[in-house]
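What follows is a single chain, given as structure tokens, in the form predicted alone.
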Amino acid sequence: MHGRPRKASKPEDEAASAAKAVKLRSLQSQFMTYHHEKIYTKEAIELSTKLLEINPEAYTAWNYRKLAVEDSLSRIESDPNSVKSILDEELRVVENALKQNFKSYGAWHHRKWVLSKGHSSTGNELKLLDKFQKLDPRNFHAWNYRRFVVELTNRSEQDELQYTDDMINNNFSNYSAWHNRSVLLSSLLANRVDGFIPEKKIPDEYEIVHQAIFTDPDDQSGWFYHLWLLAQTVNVESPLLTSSWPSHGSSVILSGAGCLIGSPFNVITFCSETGSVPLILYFDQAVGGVSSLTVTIDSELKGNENLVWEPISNKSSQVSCVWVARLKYLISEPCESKEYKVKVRLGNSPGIISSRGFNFSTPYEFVFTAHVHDTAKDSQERIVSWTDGFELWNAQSKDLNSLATSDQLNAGIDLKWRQAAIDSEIECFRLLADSKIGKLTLARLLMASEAMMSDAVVKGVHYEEILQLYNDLMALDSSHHHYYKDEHSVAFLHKVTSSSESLSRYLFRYRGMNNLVCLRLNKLSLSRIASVEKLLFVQMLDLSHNELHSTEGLEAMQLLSCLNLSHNRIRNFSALDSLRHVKQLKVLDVSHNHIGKHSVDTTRYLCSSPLSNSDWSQDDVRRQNPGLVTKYWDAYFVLRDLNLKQLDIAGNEIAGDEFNSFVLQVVPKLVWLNGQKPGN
């Protein structure tokens, strides 16, 4: 364990272990009798003491002693000396147990319980901890207990921070001391204690951790602390709005289902069977409290006075980075068109709060124009092709600026000290670029620098270097190839979305359906989806011929109506769980993946089984085909929430007559299955 080689036991050691086991079984048998019969005599308590001296991990024995203490305290009058005597005995038993096993969870928890009674000296506890931590400075049990004891005393966080200094100076490989330092600094910086201002303290901390990193680059303790410092440099406390849709100043054509006659090329056309269009808010961190009370909608469109905002998350949570409301619109009379201004405002009233308890306090508003049109009468269901009908976006066109929201992430934030700190670290770690961890840290620093750049002229200058660093890491460290591959994909997508010019190279219009905005990211070896906050306007997405394992992140793309995931590495329908939130999705291609290839696929259960949900007990498909629903429950769980018209699952192990028939029952409105109309 922890790199220590296992030694073969000697015969005499085996004999001693066997004798210890016999004694332990005898003690346990008698102890359990006392415990079950609730006997708390002196003899019974002494027996539990002997048991814990042999096996400090006997949780039942610790719990028994708690019951015994409560019983003893209930029998004596309010005599402080008697109470102290009983509790001191417990502390003595715990101390002896810790001498046997310094990492005994049960012993440390029992000591906390005794101390919480309020009759023991916390000063003695700190002295005991000093003794224990000299024996094992990295023991996280002792550090956790130390934080508990300090909370019960008047000892300042500054004094504790100095203690971490001393421990790190003795041994900079003390990961627990670095961790405790991060806990203390987080509190001191958040409370703005004198002398603890981020723009001054964070750069000082970089200097401290450099001493550890450059002394022994192979030791991980300092690297982890450096990673924490980088997060403190880049992240801000208060939540910020990263992007929104529709974008400020844009125009949107709204109509009912079907193809709109004469749909313009330079404006997004949104067609909906329900007569509603999504309003999307994307924050830089998970927030709650988004409602009609905190977000104001000014519009002449009727029926939108009290819009319901919903968090978009794969977890049942009321906090999310993405929030969506459905703005209702009325379909005009044939050949008529009406124009409406819509203003969305947020941040003017409190209530939007991050999961860490910080308020969204940066007022923001966006205004767009909604053109409500009638629908073409000859809107027949045509198959969507991924091979033709596309027209390349004009790279010189200014239309893209009206589709994508400009990045609001850095608005109102003092970036000077943050950028200066990152720039200093970049120059420093170029000296360690020959090591794996040096390359990884440099790549992270360069990504952080890109995230803080606001000047469009220089934004994107680091991405080629970042991508090369991850290529080098994949070649140097094959054991972490998948991680580096994911990070490479993230960096590449950030590069693609870093400017209108770079994004336009992958943008097309699909003439077959209202000139849909199509983003083609096929054949790029992508293994992870990222930067979706800058792609909220995309209606058609081609991710075919990549290395994706899931659709995580696509739930934010609420306009998405066509999605091509063919020729990827998707193993099951659970990996498509995020698509259940994309209500506009009509066309889905998951052909030539690995669905059904693995007979035992534990990743299926990342998506909770719906079969125990009583609300679904009356579902027609489940009632008529319970066996198939049980067999294909992950497909049932995902597909039943989609309103698909076209689905392609060919080329997967799961595809076959039985599954195809099951799909048609689950998705009754399906018009095209595997390129053919059902029944043909």
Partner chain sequence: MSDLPPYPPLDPSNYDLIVVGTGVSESVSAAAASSSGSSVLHLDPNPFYGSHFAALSLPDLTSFLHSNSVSPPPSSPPIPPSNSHELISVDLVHRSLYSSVEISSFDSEILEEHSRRFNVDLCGPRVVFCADESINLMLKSGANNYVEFKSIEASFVGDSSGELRNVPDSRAAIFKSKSLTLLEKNLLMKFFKLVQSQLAKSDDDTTTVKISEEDMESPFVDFLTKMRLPPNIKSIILYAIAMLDYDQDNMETCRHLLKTKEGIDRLALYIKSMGRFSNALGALIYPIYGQGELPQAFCRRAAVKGCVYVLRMPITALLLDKETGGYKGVRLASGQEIFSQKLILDPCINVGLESLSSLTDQQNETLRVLVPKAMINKEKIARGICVIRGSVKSDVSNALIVYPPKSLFPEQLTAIRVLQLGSGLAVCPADMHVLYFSTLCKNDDQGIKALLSAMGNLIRLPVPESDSVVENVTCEAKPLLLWRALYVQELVKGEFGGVISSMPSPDENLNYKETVESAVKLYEQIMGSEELFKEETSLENTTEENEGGVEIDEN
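Computed from a predicted structure; not experimentally measured. Numbering follows the first chain given and starts at 1.
Only in words, not in the display: the form predicted in complex with the partner chain, which the text now covers.
> Work out which of the listed stretches, 82-90, 569-577, 203-211, 124-132, brings a heavy atom within 4.5 angstroms of the partner chain in the predicted bound form.
Correct option: 203-211.
> Quick check on this chain: which one of Ile253, Leu432, Met447, Ala142 has a heavy atom within 4.5 Å of the partner chain in the predicted bound form?
So the residue touching the partner chain in the predicted bound form, by this definition, is Leu432.
> Which residue, Asp216, Asp159, Asp414, Glu391, is the contact with the partner chain in the predicted bound form, using a 4.5 Å heavy atom cutoff?
Going through each option in turn, the one that passes is Asp216.
> Please run the contact check for Phe172 against the partner chain in the predicted bound form: heavy atoms, 4.5 angstroms, yes or no?
Contact with the partner chain, yes.
> Would you check, heavy atoms only and a 4.5 Å threshold, whether Cys428 touches the partner chain in the predicted bound form?
Yes, Cys428 sits close enough to the partner chain in the predicted bound form that at least one of its heavy atoms falls within 4.5 Å.
> Is Ile168 a contact residue for the partner chain in the predicted bound form, using a 4.5 Å heavy atom cut-off?
Heavy-atom contact with the partner chain at 4.5 Å: present for Ile168.
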